[in-house]
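Presented below, as structure tokens, is a lone chain in the form predicted alone.
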């Protein structure tokens, strides 16, 4: 295909996209109004599915397949990082230099670690009831573990961070979301359809599959962030390449 033909194909695609965008804009509500058709429908659907948090209803019910894509992007990113940052034959591990942490910072970090972890788990568990969910709570939970690195030292983080288990949990969280979607197919509906009992509104067991999908995302995000930071920290603190004089020798 010549350059001129490729440009014509690109121009045709851009024109078609512009036409679809212009047609969609004609159906938008007026600026500054208090009524929005998508928002009203989303709230109505959330109440019908007994999910108190409309955002979680959208993420894990109305467009749960899109959320699977977002989770898979993070999973693939971590997998790619692990492959790219793996230790090569001309690299070796060295013990990181000890860092002296002020006593006040050490005490504050130890105090805030369980508090931050509890907040992260709370945000994950209550994602279908209040703002937050698996994505936000997973980042908070993963951050709590790394307070050991900030307030104590790197060896302390390594001792309390079984990396192999987190790598396994990362894959398990991704697999759980995929397999939960099959419940809709087994029930004779669509993939990722909300087919479980909806429970009582505004309780932890409400929303059908929403809390389960939310928990799967929380596990995957927490583990993914831990694994990602583990490889970045190892690359920055432990991995050392061969020096020029070693190579020449």
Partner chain sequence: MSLLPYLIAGWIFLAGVYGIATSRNLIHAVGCLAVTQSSTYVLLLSVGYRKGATAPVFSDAPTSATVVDPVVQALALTDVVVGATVTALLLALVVQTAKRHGTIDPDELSGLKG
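Numbering follows the first chain given and starts at 1. The structure presented is a predicted model; accordingly, all values stated were derived computationally and were not measured.
What comes next is about the form predicted in complex with the partner chain, which is not displayed.
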property	result
Interface residue in the predicted bound form among 212, 43, 198, 183, criterion: non-hydrogen atom within 4.5 angstroms of the partner chain	43
Three-residue site 93, 125 and 177 fully in contact with the partner chain in the predicted bound form at 4.5 Å by heavy atom	no
Partner proximity in the predicted bound form: residue 111 to the partner chain, non-hydrogen atom cutoff 4.5 Å	no
Touches the partner chain in the predicted bound form: residue 99 (any heavy atom, 4.5 Å)	no
Exercise: residue 154 in contact with the partner chain in the predicted bound form, heavy atom 4.5 Å	no
Any non-hydrogen atom of residue 162 within 4.5 angstroms of the partner chain in the predicted bound form	no
Contact set, 165 to 192 vs the partner chain in the predicted bound form - heavy atom within 4.5 angstroms	none
